[in-house]
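Next up: just one chain, as structure tokens, the form predicted on its own.
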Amino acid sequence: MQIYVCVKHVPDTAATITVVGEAGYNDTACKFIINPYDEYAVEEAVQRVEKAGSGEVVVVTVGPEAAVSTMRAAMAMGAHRGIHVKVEGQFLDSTLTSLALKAAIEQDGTPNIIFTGRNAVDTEGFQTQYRLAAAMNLPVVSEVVNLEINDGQAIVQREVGGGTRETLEMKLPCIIGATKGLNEPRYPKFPDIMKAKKKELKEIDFDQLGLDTSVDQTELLKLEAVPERSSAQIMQGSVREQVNELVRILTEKDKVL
């Protein structure tokens, strides 16, 4: 079984990114990590190969040179090798990203399953896995919290909100968007981290893929820092006095009434 896992190099959610100008930013001081939802995807792929006793897990990333650290982290979790599509200083929308992933995967082999995370915590577009599936003409289900594979069929359960789940069947090959609850990602031990440094990592320049970049129809126009929340205010006095003061603030200060 050959399993590909699409992972993304993202800033730590606790990192502070400085907005520069209208649409620029400075992330040089940020710690970058593997996209947290992608960890569930990597873990599920590794478990599948371990259970089968054979197969290969290949992680694929589209990102800058620094994304190598994210790929090594995925390989420390048990992925066998990686493919890095290098792109520097260019904003790629989900359409072009999915085409780059497709090209890298198809140049490398024939997937039985492709795993992704449900979304990336930086852009939160929730589109890449669906656009990849459309480009490769494969079935796709995201928000997957349970997976069984039997006789060339993937039986998945996905969260649909309100604690409700739906069960779907897909033929292999297919694309599965993993989320919290599917498994518990492992923490690599020091020997695993050292072994990951020696695993094969193939690098491909984005321009070498020969993609039609005109399909990239998304332009980053403006970035704004999230405004700081104002401090909490505690009302004093009787219930009537507190209500009157609250109404006054909402009417005169915040102007929402």
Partner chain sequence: MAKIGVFIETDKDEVKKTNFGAITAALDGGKNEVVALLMGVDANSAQETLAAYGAQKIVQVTVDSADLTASPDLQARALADAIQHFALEGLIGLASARGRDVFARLSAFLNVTLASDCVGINFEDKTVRKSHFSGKTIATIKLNSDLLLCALRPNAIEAQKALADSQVESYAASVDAPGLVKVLEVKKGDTAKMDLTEADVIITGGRPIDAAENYKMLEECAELLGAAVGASRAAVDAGFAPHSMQVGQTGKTVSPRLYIGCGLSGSVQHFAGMKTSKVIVAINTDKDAPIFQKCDYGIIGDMFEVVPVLTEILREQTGQ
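Numbering follows the first chain given and starts at 1. Superpose the two forms; the largest set of C-alphas matching within 1.5 Å is the rigid core. Keep in mind that what you see is a predicted model, and the values were worked out from it rather than measured.
In what follows, reference is made to the form predicted in complex with the partner chain, a form of this protein that is not presented.
Judged by heavy atoms within 4.5 Å of the partner chain in the predicted complex, the contact stretch among the candidates 80-88, 106-114, 154-162, 67-75 is 154-162. Contact check at 4.5 Å (heavy atoms) against the partner chain in the predicted complex: all three of Met235, Leu246 and Lys253 pass. The partner chain is not shown here, and in the predicted complex it never comes within 4.5 Å of any heavy atom of Leu101. For Asn146, no non-hydrogen atom is located within 4.5 Å of the partner chain in the predicted complex, even though that partner is not displayed.
When the partner chain is considered in the predicted complex, Ser231 lines it closely, a heavy atom lying within 4.5 Å. At a distance threshold of 4.5 angstroms between non-hydrogen atoms, Lys222 is in contact with the partner chain in the predicted complex. Residues from 111-146 that approach the partner chain in the predicted complex with a non-hydrogen atom closer than or equal to 4.5 Å are Arg118, Val121, Asp122, Thr123, Glu124, Gly125, Phe126, Gln127, Tyr130, Arg131, Ala134, Asn137, Leu138, Pro139, Val140, Val141, Glu143, in the order they occur in the chain. Taking 2 Å as the criterion, Thr13 does not count as shifted between the shown form and the other one: its C-alpha moves by less than this amount when the rigid core is aligned.
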